[in-house]
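Form predicted on its own, single chain, as structure tokens, below.
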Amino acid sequence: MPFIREILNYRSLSIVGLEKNTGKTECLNYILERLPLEKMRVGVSSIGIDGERRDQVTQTAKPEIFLRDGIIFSTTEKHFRQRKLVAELLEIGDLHTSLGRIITAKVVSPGKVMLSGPPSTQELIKWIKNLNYQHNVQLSIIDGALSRLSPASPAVSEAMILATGAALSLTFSDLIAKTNHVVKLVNIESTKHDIPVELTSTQNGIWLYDTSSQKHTVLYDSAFTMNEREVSRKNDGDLVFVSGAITDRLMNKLSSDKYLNNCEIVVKDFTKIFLTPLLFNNFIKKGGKISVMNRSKLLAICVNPVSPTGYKLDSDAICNELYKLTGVAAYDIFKYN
């Protein structure tokens, strides 16, 4: 499929699923099987635990992760000991997790492995840099955890693939709507304004920024102190910068302010947006704008049309409708395996 070739243009890739059993592992295996390992060195890990034979919640069978010769992988000590492949030990990390230290190794003889790597986005960033500098890895792939979009942040990975399917919803229209909403968030455009570094580097606060005078003031110290401030003044600013996450509660507060209800709201990236589709769409329809400091690159949508209970949806209809709505190519990878 075309997105395999496009992956080669990036140094890091995350695969995230909107629900358990949406085909994330199948997508990972599909990619790993087709990458030109003779031309590049590939590393892989997971922010959660993936590759188990049986789902611990539904007790249904799950695909295991298969690694070819030459792939570098990082997993915890517990799962490294349980591997079903021959590997050359490259590094034992200093980070201690509940499953032991992170082991980095190179596959010598292909086989299966469970991945349980760095547990946080900051550790993932360090992992990618380490693979690149210490082990000459040109492409690092992160297998994301259940409904956790943080590995897809452009601060972590340059590109992403989204996995969706019948496990998210058995209703065609609902599945399309939920997936389409996430794609809308991923594709939010970057702001055209130069935000001061003192704002972009901060971890706290909601700020008003005047794009003409380039001055900024604190709107709220945090999302928990929003009731402490009265409505803003017209000359306070024409842009709101949110250092953390934007939630329904914050959006309702901003929308109730007559000087802010059609302003531009800027967040660091799409993983900081936690808005229900109704509130998000209403804000946009009323003239408001949400933009990001760093935009993500969504390469493809992978669709698993089969639910854990065995119910099957029409994958062609899903893929066609998602492409029609989002402009992003959608594939049922199970057809190609």
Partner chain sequence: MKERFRKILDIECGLRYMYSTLELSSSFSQKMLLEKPIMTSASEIERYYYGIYEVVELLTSNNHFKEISRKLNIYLAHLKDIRNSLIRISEGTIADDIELFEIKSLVIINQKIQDLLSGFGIKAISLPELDDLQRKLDPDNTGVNSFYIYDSYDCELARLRAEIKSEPIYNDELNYRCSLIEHRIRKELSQFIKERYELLKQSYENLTSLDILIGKSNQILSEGLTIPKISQEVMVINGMFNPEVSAILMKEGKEYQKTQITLEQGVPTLVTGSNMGGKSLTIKTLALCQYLFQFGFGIPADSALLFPVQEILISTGDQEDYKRGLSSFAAEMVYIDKIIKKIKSGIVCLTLIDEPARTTNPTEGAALASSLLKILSKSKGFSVMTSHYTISNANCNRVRVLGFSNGTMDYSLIPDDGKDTPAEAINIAESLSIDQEWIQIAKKEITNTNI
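Since the model is a prediction, treat every value here as computed from it, not as a measurement. Numbering follows the first chain given and starts at 1.
The same protein also exists as the form predicted in complex with its partner chain; that form is not shown, yet it is the one meant from here on.
With the partner removed from view, the residue among 80, 220, 209, 127 that has a non-hydrogen atom within 4.5 Å of its partner chain in the model of the complex turns out to be 80. Proximity to its partner chain in the model of the complex, taken as a non-hydrogen atom within 4.5 angstroms, holds for one residue of 215, 258, 84, 249, which is 84. The chain is drawn here without its partner chain; in the model of the complex, the stretch among 195-203, 163-171, 176-184, 98-106 whose residues come within 4.5 Å of it by any heavy atom is 98-106. Looking at residue 69, you'd find a heavy atom of it within 4.5 angstroms of its partner chain in the model of the complex. In the model of the complex, residue 88 approaches its partner chain with a heavy atom inside 4.5 Å. Although the partner is absent from this view, residue 245 stays clear of its partner chain in the model of the complex, with no non-hydrogen atom inside 4.5 angstroms.
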